[in-house]
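In the block that follows, a single chain appears as structure tokens, in the form predicted alone.
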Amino acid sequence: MMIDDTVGRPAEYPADPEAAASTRDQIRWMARRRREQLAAVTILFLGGALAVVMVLSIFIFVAKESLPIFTNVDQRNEMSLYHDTENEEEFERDASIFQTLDNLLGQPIWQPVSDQSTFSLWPLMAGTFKITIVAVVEGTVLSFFTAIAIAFYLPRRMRYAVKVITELLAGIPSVVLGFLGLMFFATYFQDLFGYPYRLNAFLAGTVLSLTVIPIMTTLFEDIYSSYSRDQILAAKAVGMYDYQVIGRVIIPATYGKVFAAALLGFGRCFGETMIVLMCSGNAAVLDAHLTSGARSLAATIGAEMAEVIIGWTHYSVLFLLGLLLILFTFVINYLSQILIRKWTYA
């Protein structure tokens, strides 16, 4: 190490004691900042890893509980539509997986409690999609007009008030909305439209739309508020009115982002339980009529899981419904995130 002959200390250290102290303080400060940064990164990593592990654990548990209807011989035999219930003691054949799939996908009826149980997924899928589509369509329309008003028409103070009131809807528990739908909206809509069934898919979807309006309004308002002001001013400069700017410039340029945001609302509605359980009539029927009763995948789990025996076929089928909900929700959210990134940064 080189020595400064004048003072007899290493040449890289300053000769001034105050400068040396300042350098040591700076080194300690930088070391402390590195430790704090490392601790923060470690905490964030552990939090993210814990969330991933929890999601994977839930998925593995649900898949494990639903697997016996395909792997367990007794459950496959019970799922078989050729099961001889009168001579059950003599029924010892090994039903195939295809007979299980025939029960799940080849029948039109969900009837888990009978001499020959049928666990058709089609009535539950039809009810889920009917209710979800009604909720998403109504929520998208209301959210669109609310977002347009907030972004372009309302005064600043009123804009803030409308945003706050809209976002307050997200804090209302779904069971409260379901109770309002059951006790008030059901009778009101039946008197208004005259349909025969008081509780139906239309009512459930309408009440369910209240849960997605805050999410979609916020997303739509962010999309429209972030649109280029230069292009808006240029459109007005050539003589366009406000409604023409919105209809001919902004909406065509942002429809992709709006569609992706609507997909997020679809994923939110797909797994709703309490509102659907209280307002849909809970009837597992396979039809396309919005004014008839319906039953969703999530509502079926909520209504029947407490009544089944652990380890029996009905128990495993309900976990299969939960697995389908997880997969559908994951795919919908994944597609929406891809579309949002594509249309935002393209």
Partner chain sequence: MRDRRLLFEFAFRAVSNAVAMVVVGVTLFILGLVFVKGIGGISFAFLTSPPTGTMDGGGIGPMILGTAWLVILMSLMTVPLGAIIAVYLNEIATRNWLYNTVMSSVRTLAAVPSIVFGLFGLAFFVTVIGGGLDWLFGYEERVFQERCLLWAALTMGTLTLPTNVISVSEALKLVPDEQRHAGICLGYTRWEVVKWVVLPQAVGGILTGLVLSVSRGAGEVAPILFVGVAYFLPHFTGDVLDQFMELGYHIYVMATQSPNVDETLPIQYATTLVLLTLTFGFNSIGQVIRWMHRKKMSR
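None of these values were measured; they are calculated from a predicted model. Throughout, rigid core stands for the largest set of C-alpha atoms superposing within 1.5 Å between the two forms. Residue numbers count along the first chain shown, from 1.
Beyond the structure shown, there is the form predicted together with its partner chain, which is absent from this document and is the topic of what follows.
Visitor: Quick one: is W122 in contact with its partner chain in the model of the complex, heavy atoms, 4.5 Å cut-off?
Guide: Judged by the heavy-atom cut-off of 4.5 Å, W122 is well away from its partner chain in the model of the complex.
Visitor: I'd like to check something about Q99: if you look in the model of the complex, is any of its heavy atoms closer than or equal to 4.5 Å to a heavy atom of its partner chain?
Guide: It does not: once its partner chain is placed as it appears in the model of the complex, Q99 has no heavy atom within 4.5 Å of it.
Visitor: When the contact criterion is heavy atoms within 4.5 Å, does S57 count as touching its partner chain in the model of the complex?
Guide: Taking the distances in the model of the complex, the answer for S57 is yes, it comes within 4.5 Å of its partner chain.
Visitor: Quick one: is Y243 in contact with its partner chain in the model of the complex, heavy atoms, 4.5 Å cut-off?
Guide: Looking in the model of the complex, residue contacts with its partner chain include Y243, since a heavy atom lies within 4.5 Å.
Visitor: Its partner chain is absent from this chain, but in the model of the complex, do L169, L177 and F185 each have a non-hydrogen atom within 4.5 Å of it?
Guide: All of them do, each having a heavy atom within 4.5 Å of the partner.
Visitor: Where does its partner chain sit in the model of the complex: which of 73-81, 159-167, 99-107, 128-136, heavy atoms within 4.5 Å?
Guide: So the stretch in question is 159-167.
Visitor: Looking at L286, L67, M305, A283, which is the one with a non-hydrogen atom within 4.5 Å of its partner chain in the model of the complex?
Guide: Looking at the other structure, the residue within range turns out to be M305.
Visitor: Can you list, in sequence order, the residues from 45-60 that come within 4.5 Å of its partner chain in the model of the complex, counting heavy atoms only?
Guide: Residues within 4.5 Å: F45, G47, G48, L50, A51, V52, M54, V55, S57, I58.
Visitor: Is I310 one of the residues whose Cα moves 2 Å or more between this form and the one not shown, with the core superposed?
Guide: No; that C-alpha moves by less than 2 Å between this form and the one not shown.
Visitor: My question is whether I60 is one of the residues whose C-alpha shifts by 2 Å or more between this form and the one not shown, given a fit on the rigid core.
Guide: Where the cores coincide, I60 shows only a C-alpha shift between this form and the one not shown that is less than 2 Å.
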